[in-house]
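Only one chain is included here, represented as structure tokens and corresponding to the form predicted alone.
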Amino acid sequence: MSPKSVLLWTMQAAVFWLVLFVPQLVVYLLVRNPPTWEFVLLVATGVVGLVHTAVEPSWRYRVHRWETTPDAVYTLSGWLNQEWRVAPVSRIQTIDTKRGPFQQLLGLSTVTVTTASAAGPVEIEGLEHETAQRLVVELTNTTQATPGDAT
């Protein structure tokens, strides 16, 4: 996990809260004599947004872990609801990378390991792009060398 993940998650949280806060602020400023509840809602959104943006990224960074072995991919993720996932290599169907605009700006990637699990894919977020590329090659080679039909 790259330390730049904290900045990525901070940027994502800030954008989320700004999308909620700015329209509320515009409405509050445009309405003559706005009701008190609008002011309370505006302040509450601002406070919750600031606390979330300040706390969640570093908390997630302390929790998030990943490891690969010849037998499985292991991930621990979340911040309030934490999830431990194990994906056996013999069940891996696809390995993908994705890079959103903020990830590209910071040189980060997310690796998605899709298995035949009803729980959905395993995601490893916040990897340096070069690390992600090496991981994809490593997992691809390990998966091809592992017997089984990934079902």
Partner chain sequence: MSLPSEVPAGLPAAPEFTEPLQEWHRLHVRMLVVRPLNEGIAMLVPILVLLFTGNGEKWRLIASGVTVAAILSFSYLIWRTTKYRITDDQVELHTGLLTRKQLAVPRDRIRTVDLTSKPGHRIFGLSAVRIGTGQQDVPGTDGLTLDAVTQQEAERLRLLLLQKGVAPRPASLDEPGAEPVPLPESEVISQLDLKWLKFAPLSLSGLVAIGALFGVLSNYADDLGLHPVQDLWEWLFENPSFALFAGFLVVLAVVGLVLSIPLYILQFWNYRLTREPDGTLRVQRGLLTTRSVSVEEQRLRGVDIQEPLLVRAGKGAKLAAVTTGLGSKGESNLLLPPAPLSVAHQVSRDVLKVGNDPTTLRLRKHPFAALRRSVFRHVVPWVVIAVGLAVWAPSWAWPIPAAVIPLAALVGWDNYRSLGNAMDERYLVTRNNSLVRSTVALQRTGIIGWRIQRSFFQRRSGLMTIGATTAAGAGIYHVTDVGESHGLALADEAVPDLLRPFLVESDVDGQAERNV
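Residue numbers count along the first chain shown, from 1. Please read these numbers as outputs of a predicted model, since none were measured by experiment.
Only in words, not in the display: the form predicted together with the partner chain, which the text now covers.
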**Q.** 4.5 Å heavy atom contact, residue 120 to the partner chain in the model of the complex
**A.** yes
Q | Distance check, residue 65 to the partner chain in the model of the complex, heavy atom within 4.5 Å | A | yes
Q.
So in the model of the complex, is the partner chain close enough to residue 116 to count as touching (4.5 Å, heavy atoms)?
A. yes
Q: Flag residue 104 as yes or no: does it have a non-hydrogen atom within 4.5 angstroms of any non-hydrogen atom of the partner chain in the model of the complex?
A: no
Q) Using a 4.5 Å heavy atom cut-off, are 69, 81 and 86 all in contact with the partner chain in the model of the complex? A) yes
Q.
I need the one stretch from 26-34, 43-51, 88-96, 105-113 whose residues put non-hydrogen atoms within 4.5 angstroms of the partner chain in the model of the complex.
A. 88-96
